[in-house]
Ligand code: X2X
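First comes one chain, alone, set out as structure tokens in the form predicted alone.
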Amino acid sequence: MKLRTFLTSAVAAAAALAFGTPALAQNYKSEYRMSLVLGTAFPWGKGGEIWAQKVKEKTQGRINIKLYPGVSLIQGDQTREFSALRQGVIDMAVGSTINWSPQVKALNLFSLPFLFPDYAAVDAVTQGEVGKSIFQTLEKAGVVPLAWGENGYREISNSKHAIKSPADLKGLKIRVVGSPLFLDTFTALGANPTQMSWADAQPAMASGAVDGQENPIAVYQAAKLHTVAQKHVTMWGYMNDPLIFVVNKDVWNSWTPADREAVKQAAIEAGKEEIAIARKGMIEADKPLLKDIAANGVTVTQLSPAERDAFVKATRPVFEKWKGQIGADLVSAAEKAIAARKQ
């Protein structure tokens, strides 16, 4: 009798294992919505596309993702993306630390002017203890962060003249994203920062409503900003914009542990590939991307250390003001990681 009971239980358990996954999969959505600011012509959108493809492969098609570039799920308002992600309007995203910084103060770390002197500095922070700490903060804020990507170092362009000193920025109307730290930085440099979505920025540059903008060179080139009067580019590397691959918490909890691991591994792999794409043309000694831009009749200005230092000094009060708001301990930990980095 005991043997029969045992066998019956064993058969039931085997059946549960055999049919458990499809039963759980019935709770899966037929399609998951991924929010992106930029489309697949840009490294950012490409990272989202790679993630979606890898997830489909690793979950044998159980998790299908549709890309929504231009933050179209929230009418193009980049600054609402994090809130929409928390609320479940968005299922997953590859998001910018800048766009989410109004909701998560710690993310302003990456927008501090002139904190990151090179790519090794960025990697030392994102891939180390500071990066882990920021992911814990994001988890407490209600999302599941999985991997880092990168939009890149933000360089400045304008339609008027070459920018070699803070004085050259005086009175220039510069399009910036909706971040108070950006407004502080450009105000300190004597510019007139104008908050505007990316969708509105290009027509504004074309019409002359704004004089300039700041973005990674890969974005400048893919968006063909030389065609909207952006004929002067200055390489000042004042900040780097890491991206974060995240999933809505309820969506994450609806998946099996095996599928969660698959989505996470897909994000880590996609993040590494996306960073390589974002840095292509800029990490080589001859920086071929800058040659491509100059070939379009654009003046590319490289600052000397002394010229760059003038911008660092002009923005230092902004750095000190925001260090307290972000968290002095977090900023200090980042500075230590940068100082100890391997070049």
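All values derive from a computational prediction rather than experimental measurement. Quick note: we count residues from 1 along the sequence shown, nothing fancier.
Another form, the form predicted together with the ligand, is not on view; read the next lines as being about it.
Of the candidate stretches 170 to 178, 135 to 143, 223 to 231, 111 to 119, only 170 to 178 contains residues with a heavy atom within 4.5 Å of the ligand in the predicted complex. Contact with the ligand in the predicted complex, defined as a heavy atom within 4.5 Å, holds for exactly one of 52, 38, 318, 293, namely 38.
In summary, among the residues 91, 259, 241, 211, the only one with a non-hydrogen atom within 4.5 Å of the ligand in the predicted complex is 241.
The ligand in the predicted complex comes within 4.5 Å of a heavy atom belonging to residue 78.
Using a 4.5 angstroms limit between non-hydrogen atoms, residue 198 touches the ligand in the predicted complex.
In the predicted complex, the ligand sits beyond 4.5 Å of every heavy atom of residue 126. Using a 4.5 angstroms limit between non-hydrogen atoms, residue 98 touches the ligand in the predicted complex.
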